[in-house]
Structure formats: C-alpha cells, structure tokens
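Coming up is one lone chain in structure tokens, specifically the form predicted alone.
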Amino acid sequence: MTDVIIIGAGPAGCTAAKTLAQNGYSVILLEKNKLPRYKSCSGQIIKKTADLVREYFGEDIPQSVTCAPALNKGMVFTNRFGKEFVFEQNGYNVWRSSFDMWLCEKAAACGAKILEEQTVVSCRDTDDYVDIEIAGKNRYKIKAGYVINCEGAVGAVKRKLLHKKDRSIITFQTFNKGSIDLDRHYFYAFLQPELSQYDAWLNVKDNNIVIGVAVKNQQNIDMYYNRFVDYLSEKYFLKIQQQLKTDKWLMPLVDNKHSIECGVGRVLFAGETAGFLNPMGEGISSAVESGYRAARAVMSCFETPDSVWQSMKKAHNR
C-alpha cells in the first residue's frame, strides 16, 4: 500500500510526484519506458513554463538540458491566409529526454520512488483504494490511496476507465541536415490548410532542422509533408542534405468539441491525459501546472475523496 501512484514520468507526473513527496506522502512514479524517456516534442520552453518550474522546483532550468540554440526568442505564426505574426518572448530550447529526466531526478531527491519500464495493465477503483496491476520484469499488484494518471494523450488506463476512445491527431516530423533562410532562435508554425490538417512547424535543435506536420489520418502524412517541404523550399530556400530520423506521435485534438476530464473516482487525470494543451500544441506549461494542482487536491482532501473533485474542478477552471 502506498499513498499515491503516479503514471507517467513527464512534466505532469514529475511535478505531482515532487510536490507530494516533499510534503511527506509515499509516492511511486511509474514510467513505461526506459529512462531517460523520449518524447517527440519541439522542446520549446515558454516563459510561463520557466516561471512554473522555478516556483514548483525551486530553481531555474539548467543549461545542461538545453540544445543549440539554447535561447528561444519566441514564436512566429503564419495564419491560414498566409499572414505572419511574430510573438517575442524569451524562453529555452531543450531536449525533452534531458528536461524530463531532470524533473524526475528532482522528484526522486524528495523521496518519490521511480520505477521505469513498468506498464499498468489494469486500474480498478474502489471506495477505499485503487488496485493497480503492473507488468515489468514481473507482474504484480499495488494498492494506493489515489492514482494521478499522466500517461499522455492516448493512454490505455484512461480509455479503460472511461470506456471511450480518445480524440487525437498524428504528428510526424523529420530531423535534417541542411540550411534554411530563417532565424533559428524562433519556433515557426504554419496554419495554412493546404500544408496540414492541424498545423505544420519548423524549428532548429543542435543544427538539425526539424520539419513537422499534424494530420488526422496516417495515409495523409506523405502528401502534407511533401507539400510543406516544397513550400519551405520555395519561400525560405530550404535545402535538405540528409534526413537523419523521423518521429511519429499522438497528441490531443483541440477543437470546439474538446473538453477537460478530471478523472474518475480515486483516479485523477493531469497533463495531456486530462486534455490540457495550449494553442499550437504547447503542453509543458499546462502539464506542470495541472500536475501540481492534482497533487494539491490529493493533499488537501486525502481523507475525503468526494472533496478532491471540487478542488480539481476549481483548479481546472483557473
């Protein structure tokens, strides 16, 4: 038996684990992948995220988790009609594997127990506790007072608990050696409908030009990706010398049908699992904040599960 089990060692899970552990709760943080975990992500840390990390983790994001260029000057959006908007705001450019691992180490230093390569097979909510079955090298069960689910946009635990399908989009991006006539210190997003089914983007990480598109159907990836590359080549003189690797991921589909889900019973949702995602796919700031709020809800209402939901709903409304 442990006080809280947290599923997923991303920013939401690590923030929740650190907050609970430093306040004396027994915490187990489960991660299905081997650490450091990899996630397909732009790794752009906006000012809001940096401020939240400073507040909840007690220090600034270290230079060791950044990639070149370490300074991100802001975002440049091109709307559906081709008009460009520049938003200046200093932030960081990080590798998510390094950044997430740093957060994980901070949680462990406060007493959270970190278990990697552990997959949650089942999660059964009862009136008095949550019964979780886990598959790693061995198969075993743990009971917890609460579970904070931070497994991501398309998590199996959430689907089983709510008995419904997640609404998501597919992100596809490539890492390339080459050149382009754009300032590498910005993140670029393009909303023209002919270039993607959600958005297309470009940024630079350690001299790799990252080119990505979001689509609703996998069969459309090549068509939209090739259109986007042609667009960048014509407008910004993109020249690709070598494609180094490709990424494919899933993230929540945010539209006028999108909703935030707090969880069910003693299982709380945070981060992308709850449906949090800022415009243009920025999710780190909302992950950190929602992970912290979920932890605070558990701490303030540990003995009264019904009150946890009132606390969570107030936090989400913020």
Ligand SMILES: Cc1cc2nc3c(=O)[nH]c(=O)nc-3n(C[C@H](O)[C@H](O)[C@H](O)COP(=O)(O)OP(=O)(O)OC[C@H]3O[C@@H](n4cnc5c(N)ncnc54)[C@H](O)[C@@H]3O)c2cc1C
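Predicted, not measured: the structure shown is a model, and the values here were computed from it. All residue numbers refer to positions in the sequence shown, first residue = 1.
Below, we turn to the form predicted together with the ligand, even though it does not appear here.
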The listed residue (Y186, W201, Y198, Y224) that reaches within 4.5 Å of the ligand in the predicted complex by any heavy atom is W201
Students should find that, of V215, A144, V120, I180, the residue having a non-hydrogen atom no more than 4.5 angstroms from the ligand in the predicted complex is V120
Could you tell me if W249 has a non-hydrogen atom within 4.5 Å of the ligand in the predicted complex?
yes
Q. Would S26 count as touching the ligand in the predicted complex under a 4.5 Å heavy atom rule?
A. no
Given that the partner is absent here, does C41 sit within 4.5 Å of the ligand in the predicted complex, heavy atoms only?
yes
If we define contact as a non-hydrogen atom of the residue within 4.5 angstroms of the partner, is C150 a contact of the ligand in the predicted complex?
yes
Given 190-198, 104-112, 78-86, 150-158, the stretch touching the ligand in the predicted complex at heavy atoms within 4.5 Å is 150-158
Contacts from 124-138 to the ligand in the predicted complex (any heavy atom within 4.5 Å), listed N to C, are none
